[in-house]
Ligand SMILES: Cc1cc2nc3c(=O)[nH]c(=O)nc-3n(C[C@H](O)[C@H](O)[C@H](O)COP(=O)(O)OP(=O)(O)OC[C@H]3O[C@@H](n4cnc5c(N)ncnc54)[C@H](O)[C@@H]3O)c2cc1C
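Just one chain follows, in the form predicted on its own, and it is written as structure tokens.
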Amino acid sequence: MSLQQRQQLASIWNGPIHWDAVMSEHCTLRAGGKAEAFIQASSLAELCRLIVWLEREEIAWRMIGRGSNILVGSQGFAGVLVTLGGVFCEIRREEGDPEQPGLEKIRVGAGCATGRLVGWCARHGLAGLEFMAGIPGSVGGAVAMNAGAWGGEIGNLVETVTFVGRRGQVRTVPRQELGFSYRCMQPVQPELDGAAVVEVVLHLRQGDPREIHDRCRELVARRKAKQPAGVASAGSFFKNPPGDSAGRLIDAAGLKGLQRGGAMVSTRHANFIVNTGTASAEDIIGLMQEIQERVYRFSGVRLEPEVQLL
């Protein structure tokens, strides 16, 4: 951004703007460069105005969640990174459908933490999201990448997703037009390319709160038992290829413990790249590329990262 654009942004934005934000402070990998500006939007109206202004000024922008699946390169992000707070963190129950007894619908803002949503559902006796227990991040990020575990995917529970497009238009899209697939959501409408998720309606089942809590605790314990603890990571770094496991392929290639600078392939779970304390974005990206090349030479499979590189 030019100095004039920075001044204009400061004049039109009511909330705080974090200039030259150190994104390692907003990323679970605890690494990465700076973003020119980092902003939290708290209402739909102000988010729409911001996006329209950014597009008119031809300034790059990206919506991010809680930093659990991103890495900003050490050269930084030349533009504005936007996160959601305020009304975008709300959860509320929708009116039930008498033709679908036992089913409940909830409306959730994209900025809501996934852990908070899972806990809210458990307390209110709503079953179906237990597989998300222990998965970090925001609801918007989870929907955008169709997050899942233990055989479940959040896309299977989606009724509608509301977007803000690059012209500031607000669109609510039914599930059948959202193109959910493994770790991906691709709306069929071209005008939603690059649009930001702001709200989602999910359908869940009525259940016993104690049983839901017990299931969540069980899955969190299983997750902790096999994943590295006490180190910064982005969770599973690579997508599983069809019919196989990225962790198995990395392990079979003998890459557990492989290190570049402060970045290392976890010795506990091979699909985790961990920051041992001093890793730069270059360390992590370089290690990612080496894993991809060596796994390809070993097995003929080219691994694709889940982590988004900005």
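All residue numbers are counted from 1 along the displayed sequence. What you see is a predicted model, and the numbers here were worked out from it, not measured in a lab.
As for the form predicted in complex with this ligand, it is not shown, yet the points below apply to it.
- The stretch among 95-103, 171-179, 231-239, 118-126 whose residues place heavy atoms within 4.5 Å of this ligand in the predicted complex is 231-239.
- Residue-level contacts in the predicted complex: of Gly79, Gly148, Gly207, Gly86, one residue has a heavy atom within 4.5 Å of this ligand, and it is Gly148.
- Note on contacts: among Ile212, Val108, Ala144, Leu157, the single residue with a heavy atom within 4.5 Å of this ligand in the predicted complex is Ala144.
- Though the partner is left out of this view, Gly33 does not reach within 4.5 Å of this ligand in the predicted complex, counting heavy atoms only.
- This ligand is not shown here, and in the predicted complex it never comes within 4.5 Å of any heavy atom of Arg260.
- Taking the partner from the other structure, this ligand in the predicted complex has a heavy atom within 4.5 Å of a heavy atom of Val197.
- Using a 4.5 angstroms limit between non-hydrogen atoms, Arg62 touches this ligand in the predicted complex.
- Contacts of stretch 51-81 with this ligand in the predicted complex, defined by any heavy atom lying within 4.5 Å, are made by Arg62, Met63, Ile64, Gly65, Arg66, Gly67, Ser68, Asn69, Ile70, listed in sequence order.
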